[in-house]
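Given next, in structure tokens, is a single chain: the form predicted on its own.
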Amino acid sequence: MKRAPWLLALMLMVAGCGLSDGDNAADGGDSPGAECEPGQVDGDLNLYNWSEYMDPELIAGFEQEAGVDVTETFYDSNETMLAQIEAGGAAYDLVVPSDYMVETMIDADLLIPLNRDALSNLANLDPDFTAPPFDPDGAYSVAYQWGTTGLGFSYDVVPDPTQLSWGLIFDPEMGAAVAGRVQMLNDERETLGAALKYLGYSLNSTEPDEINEAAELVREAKDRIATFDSDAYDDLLIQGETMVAHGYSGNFFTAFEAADAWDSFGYGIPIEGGTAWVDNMAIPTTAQNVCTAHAFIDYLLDAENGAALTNFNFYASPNAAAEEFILAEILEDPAIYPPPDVMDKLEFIAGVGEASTLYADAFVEAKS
């Protein structure tokens, strides 16, 4: 696989933000899923996922294979998902939190330990993803997809992608040509993180002065930002409503493919750096159909199914066995599998403890 040394290095960068030894999970023996067998189902699946992230054909295949129905509901940020799980209003059987949110949910006792004996395809996972710092024993989560957060753009305004900069958003002179045609994610950690990277800080800063400085940068740019959107940003770019868009790598590539617009639009990581992330499958403590959730995780861990997911959404796969089935143009695309020099400028979003409230409050104020 193409990941090994630099992905490991990235994980080590945030290892200090991981769980303490006393917080590591047990082996799942006391979990509600302890009695589940591979492929066993105990009811329909209620899946809570990011939008445009799951191949409908994979869902249809699982429904036919398992004899259950799958209901997929969507969220636009980790914080939105967390609030719904904490509220307990809907019993979702499976969620797809990002790296730092897995840690947050483990600490809050919102996830059950997985029954690894029910995951017959777990060995297909690339070793780099089996013991991440946010879930050191791999006890509560299984990697789903990984990718980056950067900028989609029209080549009309970014003729040289090697010089792509967050200044298109935050520098009034640099961004003059695209003022009013810029979008940013409606996500406190991603958007404030972009501002922090532009300022030369870590996107995991816990320093109030740095976070407030980043929020002020977003506030000053607000008049040049058309919208804060985490759902339709790719469509807005393709349709010409925006010319610079802040978002997730695979969503842009899927949109470019669907519109046959590769010659008009591109995606890249700004020269100041950005976010690398791993999304994961996890089962909330409020899940009703725990065995079905395990069965669906195992279904996606199948090599061909894992490849089908990447071929659909253009995100990099953590499934080592899937590589032989992934399209060559995806495996060889440096915007999907970035080279080491780009990865060196990226950070995982890590848990920031009490500073999370500061991020939330600062982001609300910056947008108001």
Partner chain sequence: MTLLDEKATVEAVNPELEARSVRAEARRGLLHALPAYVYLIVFFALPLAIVFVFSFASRTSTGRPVLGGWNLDGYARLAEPVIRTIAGRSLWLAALNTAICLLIGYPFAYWIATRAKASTRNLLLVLVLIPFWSNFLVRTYAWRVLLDSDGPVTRVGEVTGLWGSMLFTQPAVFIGLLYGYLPFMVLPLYAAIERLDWSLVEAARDLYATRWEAFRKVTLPLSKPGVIAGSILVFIPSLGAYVTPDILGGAKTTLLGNYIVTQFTSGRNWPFGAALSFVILTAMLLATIAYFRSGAKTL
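Worth saying up front: this structure is predicted, and the values here are computed from it rather than measured. Residue numbers count along the first chain shown, from 1.
In what follows, reference is made to the form predicted together with the partner chain, a form of this protein that is not presented.
Chemist: Pick the stretch from 75 to 83, 200 to 208, 274 to 282, 144 to 152 whose residues have a heavy atom within 4.5 Å of the partner chain in the model of the complex.
Modeler: It is the stretch 75 to 83.
Chemist: Is the partner chain in the model of the complex near all of T104, R181 and A360, within 4.5 Å of a heavy atom of each?
Modeler: The answer is yes: all three residues contact the partner (heavy atom, 4.5 Å cut-off).
Chemist: Going by heavy atom distances of 4.5 angstroms or less, which of D298, D126, D229, D117 would be at the interface with the partner chain in the model of the complex?
Modeler: It is D229.
Chemist: Classify D156 as contacting or not contacting the partner chain in the model of the complex by the rule of any non-hydrogen atom within 4.5 angstroms, answering yes or no.
Modeler: It does not: once the partner chain is placed as it appears in the model of the complex, D156 has no heavy atom within 4.5 Å of it.
Chemist: Using heavy atoms and a 4.5 Å limit, would one call I225 a contact residue for the partner chain in the model of the complex?
Modeler: Output for I225 is yes: heavy atoms within 4.5 Å of the partner chain.
Chemist: How about E188 - does it come within 4.5 Å of the partner chain in the model of the complex, if we only consider non-hydrogen atoms?
Modeler: Yes, E188 sits close enough to the partner chain in the model of the complex that at least one of its heavy atoms falls within 4.5 Å.
Chemist: Taking 4.5 angstroms as the cut-off for heavy atoms, does E220 touch the partner chain in the model of the complex?
Modeler: So E220 does not count as contacting the partner chain.
Chemist: For the stretch 329 to 368, which residues lie within 4.5 Å of the partner chain in the model of the complex by non-hydrogen atom distance?
Modeler: Heavy-atom contacts to the partner chain in the model of the complex: G353, E354, S356, T357, A360, D361, V364, E365, K367, S368.
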